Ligand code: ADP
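Only one chain comes next, encoded as structure tokens, the form predicted on its own.
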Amino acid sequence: MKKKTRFRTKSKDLSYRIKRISLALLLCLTGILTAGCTRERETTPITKSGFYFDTVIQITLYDDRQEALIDDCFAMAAEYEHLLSRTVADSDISRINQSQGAPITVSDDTISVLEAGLSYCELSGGAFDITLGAVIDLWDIKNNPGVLPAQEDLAMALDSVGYEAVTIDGNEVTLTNPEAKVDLGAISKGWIADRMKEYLNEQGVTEGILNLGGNVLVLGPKSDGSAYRIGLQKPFDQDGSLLLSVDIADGTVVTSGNYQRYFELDGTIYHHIFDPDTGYPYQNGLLSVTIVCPKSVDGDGLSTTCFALGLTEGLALIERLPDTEAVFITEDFEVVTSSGMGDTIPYEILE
């Protein structure tokens, strides 16, 4: 049975234009798939995958002579994982979390990612928070068989949350709340994708696709000047069916959603994007937020921030930011886009 979903675009004066579109299947959004290059090429595209940051990384370059550069990118991923993952025992982030409030000297790269994370903590008014580590551990969504945490345990974890506890002085990081636990999972993949792109561009590579577990970043226009078509999947769809496609010649497409890591209990989805005020996953009527912008670190930070803020505040934030567009999917499968989608960013609803 076909379902109708409402497609809604936000106009420049913040009013809405509404279209009704019939789709063959229930429309929703999960992650991102990259559509292949359709033109014939003189060289064979090469794609390689690796597993880092608890996710699959896939890199495609359109010249088979560039395979060594992909290996260099994987080496970068391993290096950054060792710096930034709080599950690596001797990483910079683990050392900060184990410091009990003592100042810890860390690398320039770690400082850069921390500062990026803190900037989104401030932009969101605390709805995005990089000190949710204890709450994340308590819920353990990936391995949770469907059990809610005890209220007293959640209250204790919440006592450790508050990004204001993270202070930076040069390369020294201090937690003024010794119980705070930094987690950069909501921002680090985007930052790393940007570093990979910078490296590849420096090596003369300007055509290709980086996919870091749903953070898609393209290296520049194809050699014929055309854009890449990035497909957005339907949420919870086991077959990987696509909801819509977005065309970008340069930049990033990043999604945050409640379907990526979750369990269901008594009809409620408990997912991995947590409210720092309650310690529970956000329940705000959204399935996902996709950001289209130049830098993947901003796509990472904004997708989580806008999901946390909800549709009205998240959309208002996007409208204030230059060179940034968004696609929101509500729990009733309505697609809401910022004003530049369709104008500056071509896209297509797929039936």
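Because the structure is predicted, anything quoted here is derived from the model rather than measured. Quick note: we count residues from 1 along the sequence shown, nothing fancier.
What comes next is about the form predicted together with the ligand, which is not displayed.
A residue is said to contact a partner when one of its heavy atoms sits within 4.5 Å of a partner heavy atom; I136 meets this definition for the ligand in the predicted complex. Although the partner is absent here, Y228 lies well away from the ligand in the predicted complex, with no heavy atom inside 4.5 Å.
In the predicted complex, the ligand sits beyond 4.5 Å of every heavy atom of S91. In the predicted complex, T324 stays away from the ligand, with no heavy atom inside 4.5 Å. Of the residues given (N211, S256, T110, N97), S256 alone sits with a heavy atom within 4.5 Å of the ligand in the predicted complex. Just one of Q260, S241, S160, N144 comes within 4.5 Å of the ligand in the predicted complex, counting any heavy atom, and that one is Q260. Exactly one of the stretches 195-203, 162-170, 101-109, 178-186 approaches the ligand in the predicted complex with heavy atoms within 4.5 Å, and it is 178-186.
Contacts between stretch 281-305 and the ligand, counted in the predicted complex as any heavy atom lying within 4.5 Å, involve Y282, D300, T304, listed in sequence order.
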